[in-house]
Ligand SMILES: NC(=O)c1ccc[n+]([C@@H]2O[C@H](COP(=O)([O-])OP(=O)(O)OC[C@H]3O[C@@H](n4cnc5c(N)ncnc54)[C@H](O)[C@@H]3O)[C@@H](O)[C@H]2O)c1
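Only one chain is included here, represented as structure tokens and corresponding to the form predicted alone.
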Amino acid sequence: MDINQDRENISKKLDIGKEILYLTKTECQNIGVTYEKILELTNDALVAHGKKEYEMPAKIGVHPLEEVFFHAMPAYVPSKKAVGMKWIECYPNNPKKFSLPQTTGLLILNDILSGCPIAIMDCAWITAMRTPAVTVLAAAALHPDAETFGMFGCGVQGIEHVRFVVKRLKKLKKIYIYDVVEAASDNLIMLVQPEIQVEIVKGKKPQELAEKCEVLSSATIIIKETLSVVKDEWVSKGQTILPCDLNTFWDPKISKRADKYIVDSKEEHELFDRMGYFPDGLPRIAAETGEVLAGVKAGRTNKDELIVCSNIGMSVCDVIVGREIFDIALNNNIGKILPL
């Protein structure tokens, strides 16, 4: 279907330029996009990125407080007829200060031919889904035979990582989890263990996970200060580390000595480097995640390679998942049509 036909189909339900579809978080969450579909869409986004079949500038942002950021994340993926922008913020202190989520935001989709906005939807659920999907797709490409997986951070992202990982790492025997708040670990086990066959083990300390797990991920907080919770001496050759929290959680020495340092977006990591999130310098980048998934560049070529694959989130994934949600909503009369 070309963009003219696509616009014509949308126009049957929406008066483009005069109306917009609004979708809440609950509507996005319950619309019927399955975990497998999220993985499929995210893989499509990463492959398009790896083949350079997209337009997406590095994140730009504002920083009203020292520890926070707002990011404007536009993207266009021609193959999916998806163009729009995510406007999202990270306020690490929200849960304690206001009993609010650390991350909230909106996704706007536009008509390609006229540029008019066609949808506004919550992006928190989309972000919570596509982030672990990227981690798990990368893990499957870099370490498909892993029998152990470790997750640092047991909030929304940690929960979804554990749900997603069993769908691609088929040989897993144990999943280790750790959170500084023990109740968060207990909550993850309570929610997810009944859903999956792989045993979830609550780790006593970070060192236990680092030393026992072949594949590790972290979804904690993103701040400029390097916390170095996981020490360099705990990490061994042959492991695959997939941070979602930039340079915060891991000893920077780990990424610097890794045999391969892979990132979802080179431009975005370079931007964060200029902003001061890599005080010891950005490691040399071997490839982008999408390039590995698209077969453009090599992933793991040796079982003893230590690989760090840093994925901080790309709007190509957001607009593709958002477009899928929009199509389902429009075809099933879900959401609220509002006048512009």
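Position 1 is the first residue in the sequence shown; the rest follow in order. These numbers were taken from a predicted model, which means no experiment stands behind them.
Missing here is the form predicted in complex with the ligand; even so, the following discussion is about that form.
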query: Joint contact, Y54, A75 and D111 to the ligand in the predicted complex, by non-hydrogen atom at 4.5 Å; finding: no
query: Heavy atom contact within 4.5 Å of the ligand in the predicted complex, the stretch among 41 to 49, 281 to 289, 310 to 318, 296 to 304; finding: 310 to 318
query: Any non-hydrogen atom of G155 within 4.5 angstroms of the ligand in the predicted complex; finding: yes
query: Partner contact for P144 in the predicted complex: the ligand, 4.5 angstroms, heavy atom; finding: no
query: In the predicted complex, T131 touching the ligand (heavy atom, 4.5 Å); finding: yes
query: 4.5 angstroms heavy atom contact with the ligand in the predicted complex for W250; finding: no
query: Listed residue (V229, I196, I120, V201) with a non-hydrogen atom within 4.5 angstroms of the ligand in the predicted complex; finding: V229
query: In the predicted complex, the one of L106, C116, L191, I221 near the ligand [non-hydrogen atom within 4.5 angstroms]; finding: I221
query: Within 167 to 197, the residues that have a heavy atom no more than 4.5 Å from the ligand in the predicted complex; finding: Y178, D179, V180, V181, A184
